[in-house]
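A single chain, nothing else alongside it, follows as structure tokens in the form predicted on its own.
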């Protein structure tokens, strides 16, 4: 695999220079489709994070900090073009690294380019405002970068999350230090190499691979970091926030969910069914906004159960190169976690289950997609995030009951309403506890332009769209007295 890479995966990018980790140590990167080693990656630690933060600050004090917004936009646009030129190569790398089917990996690469395009066009369009005040004053506000931003990116959607996080930070003139997940960091390194090719000044983007407890912890607690963006588990997010809090640093957290889809008797089931299934199995269910709970009104419950069970029975799980709808999980460790949830569902009814491809290696991290029916709303499978291709069907009688069940978990990331009743759509959109609510769809095709984030244990702050740019900037008010 390493011979197919146009960059050296054993290096960090610090201050515009590709260099090994200070310790010289590396980590193995494993292909989840068959358990084989793809290559070695750098094992960055505290010294490397220190160097990256220092380089980022130097960039802010130099060329990057003086660059006009429209020039930053041009660089981002150029970077998006380079990503598009490498779409097939990036997809192949991501498929091997994450286990993602090729079609899904390619869509992620295209989305990364779209983030660069969107933010490239937005760079010089974030304006302050004048504020009416007392006679003799002119008051106005400015949007300025935080400074050095830290980005801890997970393994499930590296390209998309780099695009929405790092892309937004660079747009606002911050200098970024990126710590990709140790399980899947190749496209982060590829992105960094393309950024160098695009002409980003040295130190504006720095990438330090490594273990979360080492490089990630050092980045979270670093006194030279002025803002941190983290996507991952609730437990790790709490640790990141605690570490950043000691330096009084703002944190954007996106921590996952237990997102429901509410299906009412008057729903268009032909339109709903593909969304109901795909929102739970895409990326093998390893999606923060995955819809793992399907709440169905009694009048159509048996029909939905039957049709979803049929859809599950037609699913086959296999290697990423097979380009099936479902690939492996990220690792055998994640496979153990998901199988543990399946064991805790032994008392439940399995309505439908996919099959494993005959040629799928025993060393791969495969789990059969599983649909459980008639699940109590307080069951662990209905309340806890599984992060695997597992969905539960929960019946309900009334609109009020549906809202109560939907809001009964600690999470609040995404929700969907399937109904032809316009008044109900509006009522429930307000009542559902979620950062995004979709009506008669789910996900809106990803929506680079659509603010994304959660409430409760799904985190706080918003990524994507212009809201991300506001989050990666700080507001300064200037009050000039002129008499």
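Note that the structure is predicted; figures quoted are calculated from it, not measured. Positions refer to the first chain, counted from 1.
Although not depicted, the form predicted together with a small molecule is the subject of the following passage.
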### Query
Just to confirm, residue 326 within 4.5 Å of the small molecule in the model of the complex by heavy atoms?
no
### Query
Would residue 333 count as a contact of the small molecule in the model of the complex, using a 4.5 angstroms cut-off between non-hydrogen atoms?
yes
### Query
Taking 4.5 angstroms as the cut-off for heavy atoms, does residue 406 touch the small molecule in the model of the complex?
no
### Exercise: residue 321 in contact with the small molecule in the model of the complex, heavy atom 4.5 Å
no
#### Entry: Heavy atom of each of 156, 182 and 337 within 4.5 Å of the small molecule in the model of the complex
yes
#### Entry: Among the candidates 90, 96, 188, 288, the residue which, in the model of the complex, approaches the small molecule to within 4.5 Å (heavy atoms)
288
#### Entry: Contact residue in the model of the complex, from 231, 370, 165, 261 (heavy atom within 4.5 Å of the small molecule)
231
### Message
I need the one stretch from 145-153, 120-128, 374-382, 193-201 whose residues put non-hydrogen atoms within 4.5 angstroms of the small molecule in the model of the complex.
### Response
145-153
